[in-house]
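Taking the form predicted on its own, here's one chain by itself in structure tokens.
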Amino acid sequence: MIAIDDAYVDSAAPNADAAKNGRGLVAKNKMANLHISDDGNLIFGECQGSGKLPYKISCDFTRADQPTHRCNCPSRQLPCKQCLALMYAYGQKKPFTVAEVPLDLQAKREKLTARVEKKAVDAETPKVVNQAALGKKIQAQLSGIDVLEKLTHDLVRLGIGNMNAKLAADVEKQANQLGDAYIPGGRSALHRYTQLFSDEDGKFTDQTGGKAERIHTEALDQLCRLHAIIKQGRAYLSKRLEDPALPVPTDTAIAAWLGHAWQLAELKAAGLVEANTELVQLAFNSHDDRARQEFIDTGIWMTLGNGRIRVTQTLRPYKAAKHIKSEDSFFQVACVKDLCVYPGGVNPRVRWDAMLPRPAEPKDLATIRGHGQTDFAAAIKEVKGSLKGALADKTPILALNFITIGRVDGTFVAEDAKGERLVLTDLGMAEEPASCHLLPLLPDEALSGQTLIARFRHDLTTRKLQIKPLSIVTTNAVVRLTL
């Protein structure tokens, strides 16, 4: 049986309300007939609901990294509040007696074992690709590239300075047809261009003064990205049209920009997997991405073994958001047997299909701090190198060991042992909550001799790299600043 505590159950809950309701069922003594199997891998019992008969619930940890929750309640949440209550009760040391597994539950466990075995066999069987359907999709994508190129050329001919609210709204409407052409990356890049000319509520407005100058600089950078999507996308799709069996490239992210949805089995087959990995989440945020028309839950993680910072993303399109579980902060160590790593740059996306949590220990924080870069100049060089790619992430994240964080002329700066400084800012990174204003609230020791998890941004106006503080790792805690 794995170790279960309140933190573990909180992380398993589909949302905060389910966790609260699960705790409430335990507090109200709604749980009864609590049992555990001989092997210690199954807990089961009953929970009194609004009906005459209690709900029968169980949590099966035979596959510890992928527990199975069962309940005969009508809820579609998984795990439901009753299963959460069962785990809370176990974690709170309520009395569980050893008992035989009921026959109906044993039959379900055997069926699950058979399904898992079949899934493993199916995973080893090569999938047959419908070449004709794939060819039609590639043709549609190439047509979409043509549309994207026309729209981009129109924007260039119009000129950034002549863009106004009405024209931005017109381009926005035309960009939507790219979704039907299976080019979501191109559509979102166009949306990001037009959104530069909108206010915080998403309404298009005509900008003036210094703000207009900043927008024009960002718009030029976005046009460069659109050009790269067109050029690289057409070259890649033309090759695939000639040879549909051509493998998806792993040395570039162009396939993802064109809508390729990597499957875990596909990533493993391409060798994009790391075995027996432990990760610690260093920051988390959820934001509404109007350009992509999705809610995005983003976790920032460090792989303890190699110190690399990766991201997890749960994408919840507006139309399907209520059917997709939102992610949340995770405060334990995730032990992953097979960590799948997407093609990408400094902070590639990662996924896994199963993981075991364990409590974070002081040695884990020491490991994180040990991976921090002590030389800001070297970190700056690394970031500048990564930003040269037109499709690269424009806001990479690094761990920096700083000597002090303080104010210089009213602006927060971080300084390394050699006296190199980086300006801290929230400017241009609205996807995450503002964090600089929280620094004065931290104790003095948190601003001296610690490790900063920082998101870099190239300020195109000043032509300098600046950083946004996401969290500070001390010897005994990860102080999160963007919750």
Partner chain sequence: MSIAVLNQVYDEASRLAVAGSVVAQGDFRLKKLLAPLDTAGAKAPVFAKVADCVRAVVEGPENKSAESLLELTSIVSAVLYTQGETGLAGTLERIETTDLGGAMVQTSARLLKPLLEALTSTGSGRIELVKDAFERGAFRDLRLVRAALAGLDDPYSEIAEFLMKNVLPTYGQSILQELRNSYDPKGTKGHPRRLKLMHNADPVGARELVVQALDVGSKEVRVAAISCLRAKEDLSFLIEQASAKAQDVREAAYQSLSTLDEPEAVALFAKAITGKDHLHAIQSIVQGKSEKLATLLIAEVRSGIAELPTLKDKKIISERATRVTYLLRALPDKDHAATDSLVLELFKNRAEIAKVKGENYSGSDVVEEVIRSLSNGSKSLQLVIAHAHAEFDADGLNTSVGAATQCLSPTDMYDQFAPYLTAKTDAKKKGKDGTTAKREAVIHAICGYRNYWYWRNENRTEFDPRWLDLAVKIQSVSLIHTVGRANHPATEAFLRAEFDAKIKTAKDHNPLQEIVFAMVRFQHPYATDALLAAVGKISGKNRYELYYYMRLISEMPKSAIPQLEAFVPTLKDGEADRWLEAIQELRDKK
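Being a predicted model, the structure only gives us computed values, none of them experimental. Between two forms, the rigid core is defined as the largest C-alpha subset superposing within 1.5 Å. Residue numbers count along the first chain shown, from 1.
There is also a form predicted in complex with the partner chain; it is not shown, and the following applies to it.
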Report task. Considering the partner chain in the predicted bound form, find the one stretch among 352-360, 237-245, 256-264, 215-223 with heavy atoms no farther than 4.5 Å from it. Result -> 215-223
Query raised in the report: Quick check: do Ala27, Ile160 and Leu422 each get a heavy atom within 4.5 Å of the partner chain in the predicted bound form?
Result: yes
Query raised in the report: Out of Lys56, His35, His69, His458, which one falls within 4.5 Å of the partner chain in the predicted bound form, going by heavy atoms?
Result: His458
Requested in this report: Report the residue, out of Lys231, Arg115, Lys173, Lys136, that has at least one non-hydrogen atom within 4.5 angstroms of the partner chain in the predicted bound form.
Outcome: Lys231
Requested in this report: Would you check, heavy atoms only and a 4.5 Å threshold, whether Val479 touches the partner chain in the predicted bound form?
Outcome: yes
**Report entry** Proximity of Thr411 to the partner chain in the predicted bound form, heavy atoms at 4.5 Å
**Finding:** yes
Requested in this report: Although the partner chain is absent from this view, report whether Val156 comes within 4.5 Å of it in the predicted bound form, heavy atoms only.
Outcome: yes
Query - Exercise: Tyr342 in contact with the partner chain in the predicted bound form, heavy atom 4.5 Å - result: no
Query raised in the report: Who in 376-391 is close to the partner chain in the predicted bound form, meaning a heavy atom within 4.5 Å?
Result: Ile380, Lys384, Leu387, Lys388
Query raised in the report: With both forms fit on the core, has His153 moved 2 Å or more by CA between this form and the one not shown?
Result: no
Query raised in the report: 2 Å or more on the CA of Val9 between this form and the one not shown, with the rigid core superposed, yes or no?
Result: yes
Report task. Superpose on the rigid core, then tell me if the C-alpha of Met31 is displaced by 2 angstroms or more between this form and the one not shown. Result -> yes
Query raised in the report: Hey, the CA atoms of Asp364 and Tyr8 end up closer or farther in the predicted bound form than in the shown form, with the change being 3 Å or more?
Result: farther
